[in-house]
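Take a look at this single chain, the form predicted on its own, given in structure tokens.
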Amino acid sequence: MSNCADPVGVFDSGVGGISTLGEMRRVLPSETFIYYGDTANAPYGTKSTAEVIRCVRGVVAELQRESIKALVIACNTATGAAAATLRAELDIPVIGMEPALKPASEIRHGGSILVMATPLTLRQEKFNHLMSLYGEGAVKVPCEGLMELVEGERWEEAREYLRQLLTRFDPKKVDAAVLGCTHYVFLKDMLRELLPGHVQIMDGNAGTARQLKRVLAQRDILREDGGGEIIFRTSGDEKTVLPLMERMLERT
């Protein structure tokens, strides 16, 4: 039986989910979070659904050893591939993510919505259902290789990648850019420089943090006092990955 003092498990294929972690820390400052980056198996976005589920089960097994009270999938690709499976297998709440297409559709005024995501996210049934509901004017923009540039802190290469990517679109006719990968949130400032001021740049991090708070309160396992803590874990090389995680957290 979970209690308030137990940690919340958070994971991603790498460091992208730290953008979500930063938002959750702001919304839930008293919680302890254990963040697991599955860097040994990154990226998820070019794998098959079956491969992602296999990787995710390995991560969850590691986090369950820490007696987590809830699990946050801080990865759009892994949510689409594995959230339903995990909810069927686990007896703790599982909070996933989805690209912020619904809120983007609400601010659209005749222009297009660029949905930037990994190739697998854009192929998934979950995302295509979202498109059927809120996808008027939405354009799928697969960004293969962009996640790896963020993982490598290759910021100038990422800027050039985005600059070339955006030449395919008339910026005057774009109303919003949806960041459908948590890694891309670290590129928000670059996108603000590259896109006109009227373009809204949207991601799912705030909604995920609010949903986690709601679920913990409903289960009566919300920790509301005490100092929170963040603990990092990785399947990769701890000597290089853990300092990288610390640096990325400072950017949130």
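Just count from 1 along the sequence shown to find any residue number. Bear in mind the structure is a predicted one, so any value in this text is a computation, not a measurement.
Only in words, not in the display: the form predicted together with a small molecule, which the text now covers.
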Within 4.5 Å of the small molecule in the predicted complex, heavy atom basis, the matching stretch of 115 to 123, 156 to 164, 88 to 96, 102 to 110 is 115 to 123
**Partner proximity in the predicted complex: Gly204 to the small molecule, non-hydrogen atom cutoff 4.5 Å** = no
Answer with yes or no whether Ala177 is in contact with the small molecule in the predicted complex, where contact means some heavy atom within 4.5 Å.
no
| message | When the contact criterion is heavy atoms within 4.5 Å, does Gly45 count as touching the small molecule in the predicted complex? | response | yes
Quiz prompt | 4.5 Å heavy atom contact, Val72 and the small molecule in the predicted complex | solution = no
